[in-house]
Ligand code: ARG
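The chain below stands alone, shown as structure tokens; this is the form predicted on its own.
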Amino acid sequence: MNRMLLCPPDYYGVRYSINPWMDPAQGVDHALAVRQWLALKSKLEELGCGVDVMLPQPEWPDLVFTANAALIQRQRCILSQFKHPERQGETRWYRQRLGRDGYEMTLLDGDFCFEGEGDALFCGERLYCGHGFRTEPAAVEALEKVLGIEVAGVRLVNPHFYHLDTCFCPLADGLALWYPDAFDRAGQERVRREIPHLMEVSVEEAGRFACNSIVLGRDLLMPEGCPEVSRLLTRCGYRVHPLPMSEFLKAGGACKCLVLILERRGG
């Protein structure tokens, strides 16, 4: 079955700025954020997804974005090495929570940053690793050594799309959503060469985080306000479930940022 790790937004808020979306002066409607998170959790459960919930911690407001915790492959858990001090303390809590499930806990060997599933996504059997803002290029080779597979490194160049999961969404093998202007020229060429069927997202819907969707077979949980992508996906046989994500977009996150994939059906 599909199984995800989530963290309730009890202490979520925009208290600092570490990406262009974050403005502490703008403020977050906390009650609305809680309702949006609960709607996401409810939809995951409705679609048959197992949901594990970890305890939030008052000093770490971004703990809610569990996608950045680690990369899970079967029973191996490669923990993140966060770039910003504002998030580095999260690792302790992720290690504690994931360690309870018996994962083989690993840190990449080297003094560089790696931000988990935010920057490392499988498209079929190939792992793509985004670098340039939160993850450093050295992580590509380090992941190859740990996982024993080829890792496709792609450079991100638009600070509004600072993690790979904000601009790239693998669907079925050989199909993906993406916003090409988030990548450098070499990255664009590589993605086009290796993935035969790409759906390009407009700048408007990329800015609403259309690519930050959760894929559960033929079901997609997508931030609301992305009608063009929704129509394309529906024509391809997908069922799109739009969800309000306004309060999490204020921190530069949406549906996919709020889940860490622990187990994928058939994976």
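Here the structure is a predicted model, which means the values were calculated and not measured. Start at 1 with the first residue shown and count on from there.
Only in words, not in the display: the form predicted in complex with this ligand, which the text now covers.
Judged against this ligand in the model of the complex with a 4.5 angstroms heavy atom cut-off, the residues D62, R87 and R134 are in contact without exception. Mapping the unseen interface onto this chain, T166 counts among the residues with a heavy atom inside 4.5 Å of this ligand in the model of the complex. Within 4.5 Å of any heavy atom of this ligand in the model of the complex lies no heavy atom of S246. Under a 4.5 angstroms non-hydrogen atom cutoff, this ligand in the model of the complex has A67 among its neighbouring residues. In the model of the complex, this ligand sits beyond 4.5 Å of every heavy atom of P9. Out of the listed residues Y162, Y94, Y179, Y128, Y162 is the one that sits within 4.5 Å of this ligand in the model of the complex by at least one heavy atom. In summary, the region of this chain contacting this ligand in the model of the complex, judged by heavy atoms within 4.5 Å and restricted to 138 to 146, 67 to 75, 193 to 201, 99 to 107, corresponds to 67 to 75. Shown without its partner, the chain has no residue in segment 138 to 152 with a non-hydrogen atom within 4.5 angstroms of this ligand in the model of the complex.
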